[in-house]
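Only one chain is included here, represented as structure tokens and corresponding to the form predicted on its own.
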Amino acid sequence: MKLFDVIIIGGGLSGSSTAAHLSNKGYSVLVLEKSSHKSIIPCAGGMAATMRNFLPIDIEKAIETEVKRVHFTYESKDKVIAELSGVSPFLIVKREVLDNLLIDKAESQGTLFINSVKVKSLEKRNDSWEIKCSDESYKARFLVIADGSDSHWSTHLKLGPKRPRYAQTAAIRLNGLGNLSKNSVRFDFGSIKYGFSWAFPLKQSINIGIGTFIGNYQINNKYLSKRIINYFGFNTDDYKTIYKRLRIWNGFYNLHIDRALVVGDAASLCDPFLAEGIRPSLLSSFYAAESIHDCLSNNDYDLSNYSKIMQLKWSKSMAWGKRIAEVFYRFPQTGYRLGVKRKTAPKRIAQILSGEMSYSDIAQRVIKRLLFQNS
């Protein structure tokens, strides 16, 4: 049985980017992916431009839109616009292209990808992990769990929260740009209970999304989807809605154990207020690879630095993002009036999306304002 330096379970954005980083450093990497190749990935594609610094590839081929302004509405009315000056800090990428660029990069550096494989069991044996699949077993010094929001293995290994918290989402891709202006993204509040809808434009099409973040409110409703696409300027019945649960951030937890760690959606890192998933996926992949590299190059096995870095770089802000979400989505009309419609608020939200600002920079003022108005 060949011994790999690292085995990664999951070949999506988090898994493929972790593989690209590690193989770029010369390590032997195996990626086990349960699905076959996907032609369309249901993701809005919003990404802070600064994330380019955390990728080992040129992503120009994946970029569809450089966002210049952010539009906000409440039930498709009461528009507020935030202009983003200078070089665009926020990009829209086509996820299937970005993922394939990372896979190609990792493969060119020696990473082995095996698709349509089901992992049956994981077992830690002294200084390595043994992964048993349907018809084969594999062995590695380190293990990375990157199998997304429906991850079984992160829970099995007690990585992240014991009881993951989920946002319910729906994704629709339509040809054309509807009523969006060029180089703009739009968020509509009030139309979705405990959440919001959004529209992110690609070059010739648009990604429309619906998300609800509190409780277990269901959005699997064709009439709701129809109303939302009407909001964004479309009148058609020819579309497919893809429903998905997203693990959202739900507290400070270790993201590592002995010789294993978890990244991306499987680590419950998705933004609990704006559903941003690409940035935490790329951040966690980068720092996971760095931590594993440190261990392998120093003949060590302690990955605790990874959990500490992610708490500092991501979770500290998300703790405040969760508090804002819990207040804002319970009182959305007040939240829109006192939050989004404030003179500086749209720019602040745009800065959070671009990574220039964290929730902790604004949270206490926002929460006090909302609670005071509803007490």
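Note that residue numbering follows the sequence shown and begins at 1. The model shown is predicted, which means the values in this text are computed figures rather than measured ones.
The same protein also exists as the form predicted in complex with a small molecule; that form is not shown, yet it is the one meant from here on.
The chain is drawn here without the small molecule; in the predicted bound form, the stretch among 325-333, 302-310, 45-53, 338-346 whose residues come within 4.5 Å of it by any heavy atom is 45-53.
The small molecule is not drawn, but in the predicted bound form it has no heavy atom within 4.5 Å of Pro164. Residue contact with the small molecule in the predicted bound form: Ala146 places a heavy atom within 4.5 Å of it.
Using a 4.5 angstroms limit between non-hydrogen atoms, Asp188 is distant from the small molecule in the predicted bound form. The small molecule in the predicted bound form is not approached by Gly195, whose heavy atoms all lie more than 4.5 angstroms from it.
Annotated contacts: His71, Ile206 and Gly233 are all free of the small molecule in the predicted bound form [non-hydrogen atom within 4.5 angstroms]. The partner is absent here, but in the predicted bound form a heavy atom of Phe200, alone among Trp129, Phe286, Phe113, Phe200, sits within 4.5 Å of the small molecule. A heavy atom within 4.5 Å of the small molecule in the predicted bound form is found for one listed residue only; from Ala171, Ala140, Leu159, Ala82, this is Ala171.
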